[in-house]
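Just the one chain here, the form predicted on its own, laid out as structure tokens.
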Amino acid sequence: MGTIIQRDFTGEAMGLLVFIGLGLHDEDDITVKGLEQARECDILFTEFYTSHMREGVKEELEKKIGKEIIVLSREDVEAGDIILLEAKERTVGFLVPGDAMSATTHVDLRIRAEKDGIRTRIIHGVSIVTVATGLLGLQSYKFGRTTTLPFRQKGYFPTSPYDVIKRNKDIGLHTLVLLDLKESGETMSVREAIDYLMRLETTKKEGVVTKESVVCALGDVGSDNPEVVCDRMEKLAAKKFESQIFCLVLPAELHFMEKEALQVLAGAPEDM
């Protein structure tokens, strides 16, 4: 049964746009609240360009929810017209990997909806920001600004990630580094990410990232068997990983409990 269209005191139709976080790994990561809300929506959209999930998630979600899910491209979401047009008089669900409001594109879409008189609602999901700290045993309040390493392209080699890491490190804060991905499914590997960081060091020469720097790699986060590894930069670059989707954490000043956690939970070197 479709959701009954609500109308304001003027008699004009009032739509609803619900942002529903999917979590990080598979179709079982969606919350009970998110699942129930998705079943009540008239139409469902999703995107997988801000973060990939396990292969086949869309089809499994359709079975679990009992509705078709329309996958939108990056251009579709950034334009927003498809979603906003449907949400003017219907209840629209927008299924988002991770937490529903992690990407600025989604925040922008919510603002536009509210300005257009479309009501919005958020069903939050698990975020890499909290999961990364938990898996490593690091203290969440000791993280600074998050940064992203983009795929290198001809004439495009931004150095801003280096500056973010340096600013965080200077005030004793850890840095979560997200690795780029493409809509085609290609993801940046740990080796590519470390190569990028070392090239930044060669360019900037400020001693922020060296072969001896300790770095953590997290793969298949949200699964039953995530890869959680902490080692020196040079050794981590040579390691073979089974996971496809990764993020890095560059620790700064460590509390004694954080140091012990990295050694016990992530195999960090004893002489760290």
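Predicted model only: the values in this text are computed from it and were never measured. Residue numbers here begin at 1 and follow the sequence given.
There is another form of this protein, the form predicted in complex with another copy of the chain, and it is not shown here; the text below is about that form.
task: Could you work out which of Ser73, Thr148, Ser189, Gln139 is the residue within 4.5 angstroms of another copy of the chain in the predicted complex, going by heavy atoms?
output: Flagged contact: Gln139.
- request: Would you mind picking the one in Glu55, Asp224, Glu206, Glu212 that has a heavy atom within 4.5 Å of another copy of the chain in the predicted complex?
  value: Checked against the cut-off, the match is Asp224.
- prompt: Any chance all of Gly80, Glu86 and Ile245 sit within 4.5 Å of another copy of the chain in the predicted complex, going by non-hydrogen atoms?
  reply: Heavy-atom distance to another copy of the chain in the predicted complex: none of the three under 4.5 Å.
Another copy of the chain in the predicted complex: contacting segment from 43-51, 28-36, 65-73, 231-239, heavy atom within 4.5 Å: Stretch 28-36 is the one.
Contact flag, Gly144 vs another copy of the chain in the predicted complex, heavy atom cut 4.5 Å: Yes, contact at 4.5 Å.
- prompt: Heavy atoms within 4.5 Å of another copy of the chain in the predicted complex: does Arg152 have any?
  reply: No, Arg152 is distant from the partner.
message: Taking another copy of the chain as it sits in the predicted complex, is Asp108 in contact with it (heavy atom to heavy atom, 4.5 Å or less)?
response: Yes - in the predicted complex, heavy atoms of Asp108 and another copy of the chain come within 4.5 Å of each other.
message: Just checking whether Gly185 would be counted as a contact of another copy of the chain in the predicted complex - the rule being heavy atoms within 4.5 angstroms.
response: No, Gly185 is distant from the partner.
field: Contacts with another copy of the chain in the predicted complex - residues in 111-136 whose heavy atoms fall within 4.5 Å
entry: Going through 111-136 in order - heavy atoms within 4.5 Å of another copy of the chain in the predicted complex - the hits are Ile111, Glu114, Lys115, Arg121, Ile122, His124, Gly125, Val126, Ser127, Thr130, Val131, Gly134, Leu135.
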